[in-house]
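Next comes just one chain, in C-alpha cells: the form predicted alone.
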Amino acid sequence: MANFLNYSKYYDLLYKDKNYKEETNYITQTLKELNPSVKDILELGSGSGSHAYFLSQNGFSITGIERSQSMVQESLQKEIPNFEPIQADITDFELNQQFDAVISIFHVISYLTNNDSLIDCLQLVHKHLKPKGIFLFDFWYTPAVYSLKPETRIRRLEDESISVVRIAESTIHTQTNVVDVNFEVHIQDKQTLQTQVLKELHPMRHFSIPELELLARLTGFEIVKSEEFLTKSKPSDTTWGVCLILRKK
C-alpha cells in the first residue's frame, strides 16, 4: 500500500490541480447507470477525503478505509457530511456492513503487488457488497506501461507557507509486473527557509484485463466493462489508467 505517512501533510498541495469533481462525477454517472438507487459507498484508500467530499455533495453516504492515520485525521478536519473514515488496511478490515458499491480511485489497487493481497482485497470487497453490488476501481494498464514507460517526473508547487519539489524516478521489474517509483520530496518553509527532504519507495503493479478477469472470477465477480478512466474510451497501449467495473455474482 501507499506510504503517505511522512508527507500526508503536503498531499493536498501536491494534488491541488487534480480534478476531483470531474472524477467523482464520472464515478457517480457510472454507478447510477448500473444501479440508479445506489446510495451507500465504501471507498478503499480514501486518503484526505477529496473524493468523498464531492461524492457527499452528489448525495452519497461514504465510508472510507485508509491505512494512514495522518490522512484520516486530515479528512476528519474537513468535516465532510455523510463521510466516516476508518483507519485500516484494504486487505484486512471488517465493518459488519454491506454497501451498494465499493470504489477505489487513484490507482490504489496497483499498490497490491502480489496475488495474495489482491485476492484478500477482492474477497473483502465481495463480503462487504450487497447482492449484485458494484466494484469500480482504476489501475495501471500493462500495455501502456510497456509502451509509454514511466518517465522521471518533477512537480513544483507552493502555497503561502511552503514550497514543494517532488522528484519521481521509476524502475521497471518485468518479471513481477511491478514498477518501483522512488519519490524524493523537498519541502521548504518559506519563513525559516529550512528544507526537509523525504524519500519513499512506492511499488506499483500494473495489470492486464485477462489477469484481472481471472482473479475476479475466482473471487465471485463478473466484469461489467473496462474503459479508460474519465474518457470511457476503449483501453489501448496509450491508456495508462484503466477503470474496471465488476459486479458481485
Ligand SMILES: C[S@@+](CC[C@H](N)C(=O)[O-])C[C@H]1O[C@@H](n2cnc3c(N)ncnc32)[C@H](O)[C@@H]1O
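Note that the coordinates shown come from a computational prediction; the quantities given were computed from them, not determined experimentally. Throughout, we count residues from 1 along the sequence that is shown.
This next part talks about the form predicted together with this ligand, which is not shown.
Proximity of residue 108 to this ligand in the predicted bound form falls within the 4.5 Å heavy atom cutoff. Mapping the unseen interface onto this chain, residue 136 falls outside it, with no heavy atom inside 4.5 Å of this ligand in the predicted bound form. Under a 4.5 angstroms non-hydrogen atom cutoff, this ligand in the predicted bound form has residue 71 among its neighbouring residues. This ligand in the predicted bound form is not approached by residue 124, whose heavy atoms all lie more than 4.5 angstroms from it.
Segments offered: 53 to 61, 219 to 227, 39 to 47, 205 to 213. Contacting this ligand in the predicted bound form at heavy atom distances within 4.5 Å is 39 to 47. In the predicted bound form, every residue of the candidate spot (20, 88 and 112) has a heavy atom lying within 4.5 Å of this ligand.
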